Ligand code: NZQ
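This document starts with one chain, in the form predicted on its own, laid out as structure tokens.
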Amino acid sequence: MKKFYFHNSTKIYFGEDEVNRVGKLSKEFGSKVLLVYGKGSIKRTGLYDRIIKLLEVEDIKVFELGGIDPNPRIESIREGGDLCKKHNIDLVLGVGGGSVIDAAKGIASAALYDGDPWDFYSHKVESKGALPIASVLTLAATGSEMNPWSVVTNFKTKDKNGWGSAYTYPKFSILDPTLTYSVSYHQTGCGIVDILTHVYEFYFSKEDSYLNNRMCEAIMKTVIHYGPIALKDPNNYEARANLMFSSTLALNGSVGFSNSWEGFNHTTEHVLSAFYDIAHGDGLSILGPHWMKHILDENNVEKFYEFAVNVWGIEPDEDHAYVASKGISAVFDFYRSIEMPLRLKDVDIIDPDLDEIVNKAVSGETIGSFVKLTKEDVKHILMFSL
């Protein structure tokens, strides 16, 4: 195991009706809250009214910024930062999925910065502080509820960048699995793929820590088991609960403490999203299996053999390359079984400019750490994804 530094300061309140704590927990940070949410699903489900009442009981004045997009825009971060400054906000509360929570982090940072918050996401400056951030999670996918990372899109420059700081860990996050009952079939599938891909990107690593690998495998097997159950029975508490906390564990540092981050899938998907505004999970579903198929070779066959046997239950065989290939085929089959796209044409990306995408994705000579991929490699993967 390599040296590592691990810190996570977020308090998690997990379980049914834990949302009832939101008023008292928010009050600890002050009496003015900016409520950040998405396109209106929390109003349709009644969660919005519930949270407003819980905040008002604590004499908290609520300001709002709704309409956060699935790929949150930098314009929303700017608007939210201005609202915080104007009203002297004490706490930024994101109620929704990862996009909303990501936006809350950017807004909380913009509130204490005099420049353009895109400076953070373009890595021109480092944040020197942020307002307190909290979240009520409604979608199991990104893990943003227990990490500092925030991903925001600038469609004017066709950039979708991730950024985080020591100040952008949520102070608390409420994880009530029942709040995910209303998530659509497709968005549940997107979440499943996002969780798995987060784990892939630490599991497929040069460091190969035994403990890290077993933790990764446990999360992947849990998602593979409970994902289809949640899709078939959306109100199944155990399925939703296991997916929800798998999402949190996949990217709160627990499975990345001793392995390098691989990086190809998320970096390249961010480019696709910035160009075509597709769902994040759709992009990952298309890229991941084709990436695996492309990189499998004699140097990493044992890792893929381990993946096939320990995660997918493929029968062991002396021909490790054969078993490894069956493991990759299992990924294709699983994504197909939950009706996730496997080709760019499945999300209406027809005749894309592959060279432009590749040049945006590969900023240096190569991308990825498990297998270093050249621009030619990335173009090859995209061609097979058409």
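Start at 1 with the first residue shown and count on from there. Just so we're clear, the structure is a prediction, and the values are computed from it rather than from any experiment.
Not on display, but discussed next: the form predicted in complex with the named molecule.
Novice: Is residue 34 a contact residue for the named molecule in the predicted complex, using a 4.5 Å heavy atom cut-off?
Specialist: Result no; residue 34 lies far from the named molecule in the predicted complex.
Novice: When the contact criterion is heavy atoms within 4.5 Å, does residue 149 count as touching the named molecule in the predicted complex?
Specialist: So residue 149 counts as contacting the named molecule.
Novice: Any of the heavy atoms of residue 255 lying within 4.5 Å of the named molecule in the predicted complex?
Specialist: Residue 255 lies outside the contact set for the named molecule.
Novice: Check residue 294 for me: does it contact the named molecule in the predicted complex (non-hydrogen atoms, 4.5 angstroms)?
Specialist: Close contact is absent here: in the predicted complex, residue 294 is far from the named molecule, nothing within 4.5 Å, heavy atoms only.
Novice: Just to be sure I understand the contacts: of 216, 272, 174, 139, which is the one whose heavy atoms reach within 4.5 angstroms of the named molecule in the predicted complex?
Specialist: Checked against the cut-off, the match is 139.
Novice: So which of 127, 209, 187, 300 gets a non-hydrogen atom within 4.5 Å of the named molecule in the predicted complex?
Specialist: The residue in contact is 187.
Novice: With the named molecule left out here, work out from 302-310, 107-115, 191-199, 84-92 which stretch has heavy atoms within 4.5 Å of it in the predicted complex.
Specialist: Selected stretch: 191-199.
Novice: In the predicted complex, do 156, 268 and 290 all reach within 4.5 Å of the named molecule through at least one heavy atom apiece?
Specialist: Checking in the predicted complex: none of 156, 268 and 290 is within 4.5 Å of the named molecule.
Novice: Though the partner is not shown here, which residues of 58-76 have a heavy atom within 4.5 Å of the named molecule in the predicted complex?
Specialist: Contacts from 58-76: 68, 70, 71, 72.
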